[in-house]
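Only one chain is included here, represented as structure tokens and corresponding to the form predicted on its own.
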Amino acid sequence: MKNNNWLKWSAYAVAGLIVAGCATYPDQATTKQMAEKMVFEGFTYSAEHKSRLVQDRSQQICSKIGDEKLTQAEAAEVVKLARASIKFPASGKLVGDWKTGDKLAHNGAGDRIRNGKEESRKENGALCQNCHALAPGEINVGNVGPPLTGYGKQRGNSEAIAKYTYEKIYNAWMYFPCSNMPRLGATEHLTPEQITHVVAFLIDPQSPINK
């Protein structure tokens, strides 16, 4: 009997702690502010590097907590901002050289901080292979995103497909608000010219991705 009473009162105590914890837990907005403050203060590198921690409007909208969902109005705003961010190459040509695009798709250089300094590099890479399957037979590829094997073979290489592909690489949130796809052009990680080469890698019939 004593054991049963002990278990009963222990259960009441635990329930009381849970209720008290829930009552003092901050709301989502406060939680988000606290988390951002902790990350910012814990980042000890230069002010230039700290600027990466400042969210733009789209990132603020997309930063949800727990089961919080993106509203229709928020999604529409993200799409609008993404569309406004798109910049096309000065040449007007959306399809570059697939061989250069192949190198970019496998290149992870750029924007990495090592020993407190940004790494030296000639240009940033796209590192598509980090998230996508690429040419047939490649083993060292990711599966976070859908496979791109046969991308052009399946879709063709029309002007419309080239434009869609360019925009998707530049800022995927124009088509898929708050997706995991990095906004490679909007963040200036890749130049418009570099993106044209990645487009060529994806849609050119001669590219290994379409063999």
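In this text, all values refer to a predicted model and were calculated from it rather than measured experimentally. The first residue of the sequence shown is number 1, and the count goes up from there.
Beyond what is shown, the protein has a form predicted in complex with ligand HEC; the following relates to that form.
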item: Candidate spot Ile61, Leu81 and Ala186, all three touching ligand HEC in the predicted bound form (heavy atom, 4.5 Å); value: no
item: Candidate stretches 141-149, 34-42, 64-72, 51-59 - the one whose heavy atoms come within 4.5 Å of ligand HEC in the predicted bound form; value: 141-149
item: Heavy atom of Arg155 within 4.5 Å of ligand HEC in the predicted bound form; value: yes
item: Contact label in the predicted bound form: Asn180 to ligand HEC, heavy atom within 4.5 Å; value: yes
item: Any non-hydrogen atom of Ala200 within 4.5 angstroms of ligand HEC in the predicted bound form; value: no
item: is_contact(Ala162, ligand HEC) in the predicted bound form, heavy atom dist at most 4.5 Å; value: no
item: Contacts with ligand HEC in the predicted bound form - residues in 99-138 whose heavy atoms fall within 4.5 Å; value: Ala126, Leu127, Cys128, Cys131, His132
